[in-house]
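We begin with a single chain expressed as structure tokens, specifically the form predicted on its own.
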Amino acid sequence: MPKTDDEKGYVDVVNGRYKPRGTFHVIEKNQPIFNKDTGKLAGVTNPRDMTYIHSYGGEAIFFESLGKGKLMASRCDNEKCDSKGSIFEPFRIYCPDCLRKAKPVDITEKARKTAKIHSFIITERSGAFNTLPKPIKFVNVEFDEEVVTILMSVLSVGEPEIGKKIIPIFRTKSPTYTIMDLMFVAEGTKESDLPDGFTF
């Protein structure tokens, strides 16, 4: 059962420190588990509702930008690094080769022009707390040669095929500030066919 606003945990940042308020842990009543064949006690449920604080740190720009319809990546600009000019998507705070702080770069237009399916998998089953409609079409997305990494995402409209051109879409209405604010669709998809809350 969803928590009421009074039961939820909220967090603000004040003077550079997290300031939690509200309820973060809700304990519910245990329920016995009986064996229907024998009538004997077999166990007990142990329901708990926990809210975790997940800090984004240097990756916050990536997640905030998704809700604004932008795909941010990072680039190594270190003149002494063999990877200078390499763009990393998913976003990396530091270059994995020289360990210098990478520069955030907007690759939205690059993604619109060059994104294609590198590989894919379709699954009918999912883990706990899945919010995606099934079957889920997971795609590994490659961009042009400047982007040296591959991004895993979801194809929400269209059928996956290796090498197929795809376009990023963004949850700009009520963003979640998670990776779920980014998905892809097959090239040629109409805006009216996008999932609720998503735009090009």
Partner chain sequence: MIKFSEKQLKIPKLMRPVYLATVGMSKFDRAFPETRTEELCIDALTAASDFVNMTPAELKSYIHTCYYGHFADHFGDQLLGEAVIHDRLGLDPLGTIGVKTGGATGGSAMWEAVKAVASGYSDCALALGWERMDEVPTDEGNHLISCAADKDWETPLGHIYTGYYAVMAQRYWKIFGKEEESFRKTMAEVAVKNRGYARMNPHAHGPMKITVDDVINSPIVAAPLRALDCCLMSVGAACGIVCDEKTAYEITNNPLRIYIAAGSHTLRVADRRNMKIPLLPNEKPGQYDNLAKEFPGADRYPGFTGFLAARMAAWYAYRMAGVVDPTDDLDVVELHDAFTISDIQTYEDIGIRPYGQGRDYIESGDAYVINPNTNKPGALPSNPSGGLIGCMHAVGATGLMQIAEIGYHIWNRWDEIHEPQEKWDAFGREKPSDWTSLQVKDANRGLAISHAGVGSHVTCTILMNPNKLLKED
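Note that the rigid core is defined as the largest set of C-alphas that superpose within 1.5 Å between two forms. Treat the numbers as computed from the prediction; the structure is a model and nothing was measured. Residue numbers count along the first chain shown, from 1.
Omitted here: the form predicted in complex with its partner chain. The next part is about that form.
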Is it true that P96, G127 and S153, all three, sit within 4.5 Å of its partner chain in the predicted complex, judged by heavy atoms? yes
Please run the contact check for K29 against its partner chain in the predicted complex: heavy atoms, 4.5 angstroms, yes or no? no
If we define contact as a non-hydrogen atom of the residue within 4.5 angstroms of the partner, is E64 a contact of its partner chain in the predicted complex? no
At the 4.5 Å heavy atom threshold, is N78 in contact with its partner chain in the predicted complex? no
Would you please decide whether H118 lies within 4.5 angstroms of its partner chain in the predicted complex, comparing each non-hydrogen atom pair? yes
Going through 133 to 155, which residues have a heavy atom within 4.5 Å of its partner chain in the predicted complex? Please give them in sequence order. I136, F138, N140, E142, V148, T149, I150, L151, M152, S153, V154
Would you say A60 moves its Cα by 2 Å or more between this form and the one not shown, aligning on the core? no
Would you say whether N35 is displaced between this form and the one not shown, judging by a C-alpha shift of 2 Å or more on the superposed rigid core? yes
